Ligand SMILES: NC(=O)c1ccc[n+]([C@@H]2O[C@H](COP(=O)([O-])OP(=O)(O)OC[C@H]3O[C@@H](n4cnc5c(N)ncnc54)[C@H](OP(=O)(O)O)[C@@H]3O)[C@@H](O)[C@H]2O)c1
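Okay, so here's just one chain, in structure tokens, the form predicted on its own.
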Amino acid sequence: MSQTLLVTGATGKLGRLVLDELLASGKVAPSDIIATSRDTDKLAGYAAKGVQTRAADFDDAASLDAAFKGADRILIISTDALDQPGKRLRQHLAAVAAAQKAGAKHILYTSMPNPETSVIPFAPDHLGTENAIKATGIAYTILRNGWYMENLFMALPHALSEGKWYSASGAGKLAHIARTDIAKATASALASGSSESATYTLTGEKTHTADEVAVLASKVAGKPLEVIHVTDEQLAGGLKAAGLPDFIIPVVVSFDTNTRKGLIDLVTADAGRLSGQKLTALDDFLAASKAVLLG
């Protein structure tokens, strides 16, 4: 018997990739997929393929109740509400409550590595959501997504243009993973039909320091790139001078702090095990992204 699969945040970068993977797999009928978003007009292409599209606003509990109705397996993709303390967790808790009210048989959630110990300000949002899901008594799959390779685009293009990359990550390492590999693993978990509860940490297959990433990026771009190691305070000052909003500066700095402290220095085989596919290597990803790196 087929199950109805629901994806929240379906117009987002990860949500769209998950939908694409579900459809490409040939294992799930489009009519068994529900894609939700605040703006369903942006999902017209999926609706044309037979996917059910429903309006859902994480700040509107009634819309979540209506959108989640009849869904057996619900993927809650974490929101990006970082501008107001506590807002993201409130949104997630509303989604968890709606999933329980809808009678969902399985809840999947995109979290982060080691939210119990991470120094990143929004780690408590993820841990609080994980705990709320577990408290429902519904079977769950927690997907603790590692640091996207695409996140390097926040710094590398500008750094390559200047020849200098300011980093407070020190000698800390992390195993970057491509968003597409996260999507493949997520889609596989969503469509698996599993009734067991499990927590997976999705990382790449190899860790790198900022200096090692710089060498790879420099080779691809054909430009020199020197990593300038700075303190958290110096990095924050530079970000402020660059015009970043005050609320986001501590978040960006915390990424480097978290790396420097070794709190994301881990490698697992979970992503490849879930998707059944080989993961993208960082050097291959950068080579395919040369145009982006060069701006």
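Residue numbers here begin at 1 and follow the sequence given. Because the structure is a prediction, the values reported are computed rather than measured.
Only in words, not in the display: the form predicted in complex with the named molecule, which the text now covers.
The named molecule is not drawn, but in the predicted complex it has a heavy atom within 4.5 Å of residue 179.
Although the partner is absent here, residue 212 lies well away from the named molecule in the predicted complex, with no heavy atom inside 4.5 Å.
Using a 4.5 Å cutoff between non-hydrogen atoms, residue 258 does not count as a contact of the named molecule in the predicted complex. Proximity of residue 27 to the named molecule in the predicted complex: non-hydrogen atoms within 4.5 Å are absent; the residue sits far from the partner. Every residue of the trio 56, 59 and 88 has some heavy atom no more than 4.5 Å from the named molecule in the predicted complex. In short, of 141 to 149, 97 to 105, 155 to 163, 183 to 191 it is 141 to 149 that has heavy atoms within 4.5 Å of the named molecule in the predicted complex.
Taking a 4.5 Å heavy atom cutoff to the named molecule in the predicted complex, the contact residue among 203, 78, 169, 129 is 78. Residues of 2 to 29 that come within 4.5 Å of the named molecule in the predicted complex, judged by any heavy atom, are 9, 10, 11, 12, 13, 14, 15 in sequence order.
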